[in-house]
Structures are given as C-alpha cells and as structure tokens.
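Form predicted alone, single chain, as structure tokens, below.
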Amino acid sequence: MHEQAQARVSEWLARPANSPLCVDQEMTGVTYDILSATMFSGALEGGAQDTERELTILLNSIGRIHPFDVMNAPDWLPRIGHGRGYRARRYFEAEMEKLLNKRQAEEARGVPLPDDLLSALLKASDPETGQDLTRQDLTRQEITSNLFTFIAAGHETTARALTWTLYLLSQSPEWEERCIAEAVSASDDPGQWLSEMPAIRAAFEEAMRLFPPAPQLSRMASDFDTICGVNIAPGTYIYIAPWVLHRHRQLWEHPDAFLPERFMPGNRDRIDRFAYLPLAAGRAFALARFLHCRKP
C-alpha cells in the first residue's frame, strides 16, 4: 500500500506546475492500484483503466431500486437502466475468469504462486478436515464472487473517504498542518502508524462522519419483532441513513462542523456504538431500536 501511494505521489510531482488534478479520480486510481497489487500481485495493471471504468459502472448499479422492485415484480421482467450494470458485471467476470485460468495454468506447471488473495483462495482448505476447498467446495464462480466482494467493498468506499478527507483538510489549515507533521515524523514501520498518527486517523474518521461512504443502509426483517412498541412483520424493510444519523443534533455537538478532535484518543471512546457507523454495523435491529427509542 505504501509503495503504491508513493508511486502515485511521484506521478503528481512530475506533473507541470499548477496543472489541475482531479483528486476524486486520483483516489479511485490509487485505491485500484492497491487492490490490484494486494489481490492479484499487479496482474490487472495492463487493463487497469478499462477494468476500473467498468467496475465503477457496476458499483453504481448495485443496490439501485427500480419501481418494479417496489411492486415485487418478477426478476425476469427487465429493469430499464440496469443494462449497463449487467454488461459491466459480464466484463468483470470475464476478466476474473482469464486471471483465474492463467494462475491455475501456472500452478499446474509448478510455478510458485504469489502471496496474494487469489492464491489464498486457490489454496483454501478446511481448517478442520484439511481438505482442499478449491477442489471440494469452492467453485470457480464462488472464487470470482469472493474476488468481486473484496474489490467492491474496498474500492469505491475507500476512494470516496480519502477524497473527502483531503478536501476537508484543505479547508482546515490547522488540521492540515497537524496531519502533515505526523506524516513527516512517522517511523518507517507501517505497523506503528496507527499509534503514531492519531490526528490523521481522527481526520479520516471525522470525514467519514460528515460524508459516510455508505450513506444509506437497508435490512429486511426475517421474523416478527417489536421495536419500542412498533410491531415489525417478516419482510419489512428498515432503512437507516448514516448521513442523517451522523449529523443528528441530539448526538453531536456542532454536527455540521469538521472537528477531528471528536475522534482523538480520550474522546473516541465516548461516542455511542450506534451513533457512528460509516460502513454499516452488525445487527440492524439493535441499531433501529437505538434510533427509534431516542427521545424526540
């Protein structure tokens, strides 16, 4: 991750002076480079631009609610506007299939597998029986689905969080200086960075409070339940908006202000478990109870 970030910064420094830079695109690019390096040992670098573009289209189409969905229309009924997402998914699956074929062919020739996520999936074994899961349980489709899950979970959300963090720091000279000072004085051991750079971590968390990467969450009740006297039937959808929750005036002082000190050591532990959830939480009903039972 450090190497990929340094390489991106070197590209910026080589640009002509005062040339404009689209930070959002750059954060998307560096996040993709890191995923490619850690998951596939850089094997996707050749088609990075195309893959990145198609992945963005696919991520934008996931979870989009169509009126037919609200009316419980059958899945075979075409949803207008979903075509681009479907084509992007097919492109992604084809790219993952080619990469999987290449890696398995190398394995068959006795080529040592690189230490990355794809190799881990190919070598997966049951911790209790020791059986090879790739040949016993994990199908090729399951392997590609796992790869997509990691990419989808770590690509767009991280890029958006980095973009907003940099923007907010650019509007706060005091915190920008503190973060730069921490980065300059940090040791060469990445394992120490979380403890050595509390201001950077606090700025990042405060940025995700104001602009959560997952601004809306939804869960469906699998059984009957009651939330503060309200009966919940199976199949009921519960929608929670971290964007609203993170700016709730009963939960946060000066909720619209960028104040990273909220997340500095000593303050972070006083934040309620369900008052801050930029990347969702576990049990949705516990969260719903928290929200519904608050005094008006």
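So that there is no doubt, residue numbering starts at 1 and follows the sequence shown. Treat the numbers as computed from the prediction; the structure is a model and nothing was measured.
The next section is about a form of this same protein that is not shown, the form predicted in complex with a small molecule.
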Picking from T157, S172, S119, Q104, the single residue whose non-hydrogen atoms come within 4.5 angstroms of the small molecule in the predicted bound form is T157
If we test each of M27, L58, M39, L259 for a heavy atom within 4.5 Å of the small molecule in the predicted bound form, the one that passes is M39
Per contact check vs the small molecule in the predicted bound form (non-hydrogen atom within 4.5 angstroms), the hit among 93 to 101, 212 to 220, 164 to 172, 184 to 192 is 212 to 220
Flag L245 as yes or no: does it have a non-hydrogen atom within 4.5 angstroms of any non-hydrogen atom of the small molecule in the predicted bound form?
-> no
The small molecule contact at A153 in the predicted bound form, heavy atom, 4.5 Å: yes
Checklist entry - Would T149 show up as a contact with the small molecule in the predicted bound form if we use heavy atoms at 4.5 Å? => result yes
(message) Quick check on A275: any heavy atom within 4.5 Å of the small molecule in the predicted bound form?
(response) no
